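Next up is one chain by itself, shown in structure tokens, the form predicted on its own.
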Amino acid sequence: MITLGTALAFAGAAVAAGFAGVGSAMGVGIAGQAGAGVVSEDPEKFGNVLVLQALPGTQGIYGLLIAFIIVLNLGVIDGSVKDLTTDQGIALFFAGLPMAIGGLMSGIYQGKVAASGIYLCAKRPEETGKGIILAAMVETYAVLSLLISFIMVNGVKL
């Protein structure tokens, strides 16, 4: 039987990966819908559209990274899961929240900006790079979320 602290730590990992993954899925979906419309009119633009559509997918990767770090710190890989105190579990749960919330929100909004970049690509293919830059600006906040979650996870003494 696992302790409440260990369960809370697992919940922190699940929240980080789950919420960031949902943000990525929504963002990639939003951009994909725009991309399908553009490619249906001009299949030659698929390469540019694909780059813009893929950008919101990184938040899910960042959330998964934080979840892996939490789970690895718990000893899951070698089969000896640590019994954490409630305080340690709460700390790891809260350490996953910046990535969860930052990944969810930035994934969705990056998808919206990427969709706008895809529309830009449709009308002015030579300006696709500007659409990529605009979408990449939203990525900054996902990276900041990743950084603070990483620092917080590593600050918990197990």
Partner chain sequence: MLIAMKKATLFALKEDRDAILLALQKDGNIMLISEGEKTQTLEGADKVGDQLAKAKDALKFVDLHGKKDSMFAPRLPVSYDSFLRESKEGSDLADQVEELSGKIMSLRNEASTMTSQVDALQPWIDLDIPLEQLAPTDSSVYFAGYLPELEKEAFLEDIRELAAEPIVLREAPEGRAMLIFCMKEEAARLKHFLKAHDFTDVVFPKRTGLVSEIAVDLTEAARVKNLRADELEAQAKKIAESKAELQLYYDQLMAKEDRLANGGVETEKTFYLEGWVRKDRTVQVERAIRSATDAYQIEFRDPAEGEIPPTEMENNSFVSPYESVIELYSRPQAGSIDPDFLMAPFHFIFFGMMLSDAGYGLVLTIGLLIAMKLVKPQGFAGKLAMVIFFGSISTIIWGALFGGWFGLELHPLLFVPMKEPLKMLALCFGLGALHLVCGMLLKAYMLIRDGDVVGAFCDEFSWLIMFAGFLCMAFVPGPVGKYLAIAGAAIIVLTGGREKKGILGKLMGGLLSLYNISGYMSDLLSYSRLFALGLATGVIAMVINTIAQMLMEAGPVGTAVAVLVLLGGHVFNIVINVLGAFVHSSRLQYIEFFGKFYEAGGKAFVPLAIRTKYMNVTK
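Positions refer to the first chain, counted from 1. None of these values were measured; they are calculated from a predicted model.
Just so you know, the form predicted together with the partner chain exists too; it's not on screen, but the next bit is about it.
The single contact residue among I90, L64, L97, A122, judged by any heavy atom lying within 4.5 Å of the partner chain in the model of the complex, is L64. Only one segment in the set 101 to 109, 30 to 38, 127 to 135, 114 to 122 has residues whose heavy atoms sit within 4.5 Å of the partner chain in the model of the complex; it is 127 to 135. By the criterion of a heavy atom within 4.5 Å, I151 is counted among the residues contacting the partner chain in the model of the complex. The partner chain in the model of the complex is approached by V51, whose closest heavy atom lies within 4.5 angstroms of it. The partner chain is not drawn, but in the model of the complex it has a heavy atom within 4.5 Å of I69. Using a 4.5 angstroms threshold between heavy atoms, L144 counts as touching the partner chain in the model of the complex. Shown here without its partner, the chain carries M1, V22 and D83, none of which come within 4.5 Å of the partner chain in the model of the complex through any heavy atom.
In the model of the complex, no residue of 91 to 110 lies within 4.5 Å of the partner chain by any heavy atom.
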